[in-house]
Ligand SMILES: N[C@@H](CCC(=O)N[C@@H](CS)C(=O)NCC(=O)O)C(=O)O
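Before any questions on binding or motion, here is one chain by itself as C-alpha coordinates, the form predicted on its own.
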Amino acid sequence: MHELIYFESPGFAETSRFCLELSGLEWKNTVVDWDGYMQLKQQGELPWGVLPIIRTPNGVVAESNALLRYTGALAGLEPDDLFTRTKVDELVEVINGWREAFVPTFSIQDMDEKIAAREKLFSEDGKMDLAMKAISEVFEDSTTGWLANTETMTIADIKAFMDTFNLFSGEFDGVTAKMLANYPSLLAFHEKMSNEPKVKKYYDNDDKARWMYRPNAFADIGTSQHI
(Lines give C-alpha, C1' and ligand atoms only; values in the text may rest on other atoms or scores of the structure.)
Protein backbone atom coordinates (compact mmCIF):
# COMPACT_ATOMS: atom_id res chain seq x y z
CA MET A 1 0.00 0.00 0.00
CA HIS A 2 1.22 3.45 -0.92
CA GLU A 3 -0.26 6.43 0.89
CA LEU A 4 0.10 9.94 -0.50
CA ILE A 5 -0.50 12.72 2.02
CA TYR A 6 -1.20 16.29 0.94
CA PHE A 7 -3.78 19.05 0.96
CA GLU A 8 -6.94 18.90 -1.16
CA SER A 9 -5.59 21.23 -3.84
CA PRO A 10 -3.63 19.91 -6.86
CA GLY A 11 -0.51 21.79 -5.78
CA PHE A 12 2.70 19.82 -5.46
CA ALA A 13 1.02 16.40 -5.35
CA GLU A 14 -1.15 16.25 -8.45
CA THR A 15 1.46 14.67 -10.69
CA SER A 16 2.14 11.90 -8.18
CA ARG A 17 -1.56 11.25 -7.58
CA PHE A 18 -2.02 10.77 -11.30
CA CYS A 19 0.99 8.47 -11.63
CA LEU A 20 -0.09 6.36 -8.67
CA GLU A 21 -3.49 5.91 -10.28
CA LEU A 22 -1.85 4.85 -13.54
CA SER A 23 0.44 2.43 -11.74
CA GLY A 24 -2.43 0.06 -10.99
CA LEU A 25 -1.08 -0.43 -7.48
CA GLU A 26 -3.22 -0.10 -4.39
CA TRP A 27 -2.82 3.39 -2.96
CA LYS A 28 -4.52 5.79 -0.60
CA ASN A 29 -5.05 9.50 -1.13
CA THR A 30 -4.97 11.08 2.32
CA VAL A 31 -6.09 14.70 2.41
CA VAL A 32 -5.16 16.88 5.38
CA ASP A 33 -5.95 20.44 6.40
CA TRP A 34 -3.50 22.84 8.01
CA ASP A 35 -4.04 21.36 11.47
CA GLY A 36 -3.40 17.88 10.09
CA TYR A 37 -0.22 19.09 8.46
CA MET A 38 1.01 20.70 11.67
CA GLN A 39 0.27 17.53 13.60
CA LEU A 40 2.34 15.45 11.16
CA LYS A 41 5.14 17.99 11.40
CA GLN A 42 5.12 18.06 15.20
CA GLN A 43 5.16 14.27 15.29
CA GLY A 44 8.28 14.24 13.14
CA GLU A 45 6.63 12.33 10.29
CA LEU A 46 7.77 14.76 7.57
CA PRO A 47 11.42 14.15 6.56
CA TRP A 48 11.96 17.77 5.52
CA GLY A 49 9.05 19.40 7.31
CA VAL A 50 6.82 19.80 4.25
CA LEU A 51 4.15 18.00 2.24
CA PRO A 52 3.57 16.03 0.09
CA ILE A 53 4.98 12.75 1.29
CA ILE A 54 4.34 9.17 0.27
CA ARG A 55 4.38 6.33 2.73
CA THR A 56 5.76 3.33 0.85
CA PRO A 57 6.32 -0.29 1.90
CA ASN A 58 9.98 0.67 2.43
CA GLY A 59 9.50 3.95 4.28
CA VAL A 60 8.56 7.58 3.71
CA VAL A 61 9.72 9.60 0.70
CA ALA A 62 9.35 13.34 0.22
CA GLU A 63 9.94 16.25 -2.19
CA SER A 64 7.56 16.61 -5.12
CA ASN A 65 10.02 15.97 -7.97
CA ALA A 66 11.40 12.90 -6.22
CA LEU A 67 7.84 11.68 -5.73
CA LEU A 68 7.10 12.29 -9.40
CA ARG A 69 10.09 10.22 -10.48
CA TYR A 70 9.21 7.46 -8.02
CA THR A 71 5.55 7.25 -8.99
CA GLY A 72 6.38 7.76 -12.65
CA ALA A 73 8.60 4.69 -12.50
CA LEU A 74 5.81 2.73 -10.82
CA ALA A 75 3.50 3.77 -13.66
CA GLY A 76 5.99 2.86 -16.37
CA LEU A 77 6.39 6.46 -17.51
CA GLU A 78 10.17 6.67 -17.13
CA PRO A 79 12.13 5.74 -20.30
CA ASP A 80 14.47 2.75 -20.08
CA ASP A 81 17.23 4.44 -22.08
CA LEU A 82 19.48 6.37 -19.68
CA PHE A 83 20.06 9.35 -21.98
CA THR A 84 16.38 9.72 -22.79
CA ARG A 85 15.44 9.42 -19.13
CA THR A 86 17.99 12.11 -18.28
CA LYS A 87 16.52 14.42 -20.93
CA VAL A 88 13.10 13.84 -19.39
CA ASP A 89 14.50 14.68 -15.95
CA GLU A 90 16.18 17.75 -17.43
CA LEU A 91 12.81 19.02 -18.58
CA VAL A 92 11.26 18.28 -15.19
CA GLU A 93 13.87 20.52 -13.57
CA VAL A 94 13.45 23.29 -16.15
CA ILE A 95 9.68 23.23 -15.79
CA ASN A 96 10.08 23.36 -12.02
CA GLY A 97 12.19 26.49 -12.38
CA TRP A 98 9.25 28.83 -12.84
CA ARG A 99 8.44 28.41 -9.17
CA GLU A 100 11.64 30.19 -8.24
CA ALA A 101 10.23 33.35 -9.80
CA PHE A 102 6.61 32.89 -8.75
CA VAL A 103 6.85 31.61 -5.16
CA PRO A 104 8.18 34.89 -3.66
CA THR A 105 4.86 36.57 -4.55
CA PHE A 106 3.12 34.50 -1.88
CA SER A 107 4.88 36.49 0.83
CA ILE A 108 3.54 39.83 -0.43
CA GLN A 109 0.84 40.89 2.04
CA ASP A 110 -0.71 43.81 0.16
CA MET A 111 -3.13 42.39 -2.41
CA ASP A 112 -2.66 45.15 -4.98
CA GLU A 113 1.10 44.77 -4.71
CA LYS A 114 0.83 40.98 -5.04
CA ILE A 115 -1.32 41.24 -8.16
CA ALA A 116 0.98 43.83 -9.71
CA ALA A 117 4.02 41.65 -9.04
CA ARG A 118 2.42 38.65 -10.70
CA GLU A 119 1.21 40.63 -13.67
CA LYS A 120 4.76 41.91 -14.12
CA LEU A 121 6.05 38.33 -14.19
CA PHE A 122 3.67 37.59 -17.07
CA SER A 123 4.32 40.82 -18.94
CA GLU A 124 6.37 40.62 -22.10
CA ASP A 125 9.81 39.17 -21.31
CA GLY A 126 8.91 38.85 -17.65
CA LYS A 127 10.25 35.72 -15.96
CA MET A 128 6.98 33.81 -16.17
CA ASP A 129 6.37 34.97 -19.74
CA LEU A 130 9.77 33.61 -20.72
CA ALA A 131 8.99 30.34 -18.92
CA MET A 132 5.72 29.92 -20.82
CA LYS A 133 7.50 30.68 -24.08
CA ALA A 134 10.21 28.15 -23.27
CA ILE A 135 7.70 25.36 -22.70
CA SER A 136 5.89 26.41 -25.87
CA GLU A 137 9.10 26.20 -27.88
CA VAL A 138 9.88 22.72 -26.57
CA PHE A 139 6.43 21.57 -27.64
CA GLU A 140 6.74 23.23 -31.04
CA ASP A 141 10.12 21.60 -31.67
CA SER A 142 8.98 18.09 -30.74
CA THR A 143 8.63 15.70 -33.65
CA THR A 144 6.47 13.25 -31.67
CA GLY A 145 4.19 15.65 -29.82
CA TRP A 146 5.75 14.70 -26.47
CA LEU A 147 8.07 17.19 -24.85
CA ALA A 148 11.14 14.97 -24.65
CA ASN A 149 10.61 13.63 -28.18
CA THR A 150 9.65 10.26 -26.77
CA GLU A 151 7.21 7.89 -28.42
CA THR A 152 4.85 7.96 -25.45
CA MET A 153 3.92 10.27 -22.59
CA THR A 154 6.50 10.75 -19.82
CA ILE A 155 6.65 12.52 -16.47
CA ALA A 156 7.94 15.62 -18.30
CA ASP A 157 4.61 15.95 -20.12
CA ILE A 158 2.67 15.36 -16.91
CA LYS A 159 4.77 17.89 -15.01
CA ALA A 160 4.37 20.55 -17.69
CA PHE A 161 0.65 19.97 -18.07
CA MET A 162 -0.33 19.90 -14.42
CA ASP A 163 2.00 22.57 -13.08
CA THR A 164 1.45 25.02 -15.92
CA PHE A 165 -2.31 24.94 -16.15
CA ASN A 166 -2.76 24.94 -12.40
CA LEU A 167 -1.32 28.45 -12.61
CA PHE A 168 -4.30 29.57 -14.68
CA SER A 169 -6.94 27.89 -12.53
CA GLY A 170 -8.05 31.10 -10.80
CA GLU A 171 -6.43 30.03 -7.53
CA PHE A 172 -3.70 32.66 -7.76
CA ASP A 173 -4.67 36.32 -7.56
CA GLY A 174 -3.35 38.27 -10.50
CA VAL A 175 -3.02 35.27 -12.83
CA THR A 176 -6.01 34.77 -15.11
CA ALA A 177 -6.91 32.24 -17.76
CA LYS A 178 -7.05 34.97 -20.40
CA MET A 179 -3.27 35.30 -20.12
CA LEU A 180 -3.05 32.02 -22.04
CA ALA A 181 -4.12 33.93 -25.15
CA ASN A 182 -0.47 34.97 -25.40
CA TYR A 183 0.67 31.35 -25.71
CA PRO A 184 -1.18 29.53 -28.51
CA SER A 185 1.26 26.62 -28.45
CA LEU A 186 0.51 26.10 -24.76
CA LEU A 187 -3.17 25.91 -25.63
CA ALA A 188 -2.33 23.29 -28.27
CA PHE A 189 -0.34 21.36 -25.67
CA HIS A 190 -3.33 21.53 -23.33
CA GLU A 191 -5.59 20.13 -26.04
CA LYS A 192 -3.21 17.23 -26.63
CA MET A 193 -2.73 16.37 -22.97
CA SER A 194 -6.32 16.82 -21.82
CA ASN A 195 -7.50 14.51 -24.60
CA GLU A 196 -4.87 11.86 -23.94
CA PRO A 197 -7.05 8.86 -22.95
CA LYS A 198 -5.46 8.25 -19.54
CA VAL A 199 -5.60 11.91 -18.60
CA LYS A 200 -9.12 12.33 -19.90
CA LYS A 201 -10.36 9.31 -17.95
CA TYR A 202 -8.70 10.47 -14.74
CA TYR A 203 -10.39 13.88 -14.86
CA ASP A 204 -13.78 12.67 -16.04
CA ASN A 205 -15.53 13.83 -12.86
CA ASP A 206 -17.16 16.85 -11.28
CA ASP A 207 -14.19 18.03 -9.23
CA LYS A 208 -14.40 21.81 -9.60
CA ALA A 209 -10.86 22.32 -8.31
CA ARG A 210 -9.46 20.51 -11.35
CA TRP A 211 -11.53 21.94 -14.18
CA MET A 212 -8.37 23.22 -15.91
CA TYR A 213 -7.22 19.69 -16.75
CA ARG A 214 -10.28 18.75 -18.80
CA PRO A 215 -10.74 19.00 -22.58
CA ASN A 216 -11.92 22.41 -23.79
CA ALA A 217 -11.20 24.01 -20.41
CA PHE A 218 -9.75 27.01 -22.22
CA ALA A 219 -11.70 26.67 -25.46
CA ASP A 220 -13.07 30.21 -25.28
CA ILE A 221 -9.63 31.77 -25.20
CA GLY A 222 -8.35 33.06 -28.50
CA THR A 223 -4.89 34.39 -29.26
CA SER A 224 -3.54 37.84 -28.57
CA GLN A 225 -0.38 39.71 -27.66
CA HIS A 226 0.01 40.24 -23.94
CA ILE A 227 -3.49 41.22 -22.96
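Being a predicted model, the structure only gives us computed values, none of them experimental. Each residue number is its position in the shown sequence, starting from 1.
Quick note: we don't show the form predicted together with this ligand, though the next part is all about it.
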Original post:
in the predicted bound form, which of the listed residues (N182, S64, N166, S194) lies with a heavy atom within 4.5 Å of this ligand?
Top reply: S64
Subject >> Candidate stretches 24-32, 197-205, 166-174, 50-58 - the one whose heavy atoms come within 4.5 Å of this ligand in the predicted bound form >> reply: 50-58
Subject >> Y70 within 4.5 Å of this ligand in the predicted bound form, heavy atoms >> reply: no
Subject >> Residue contact check: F218 to this ligand in the predicted bound form, 4.5 Å heavy atom >> reply: no
**OP:** Just give me the residues of 3-20, first to last, that have a heavy atom within 4.5 Å of this ligand in the predicted bound form.
**Re:** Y6, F7, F12
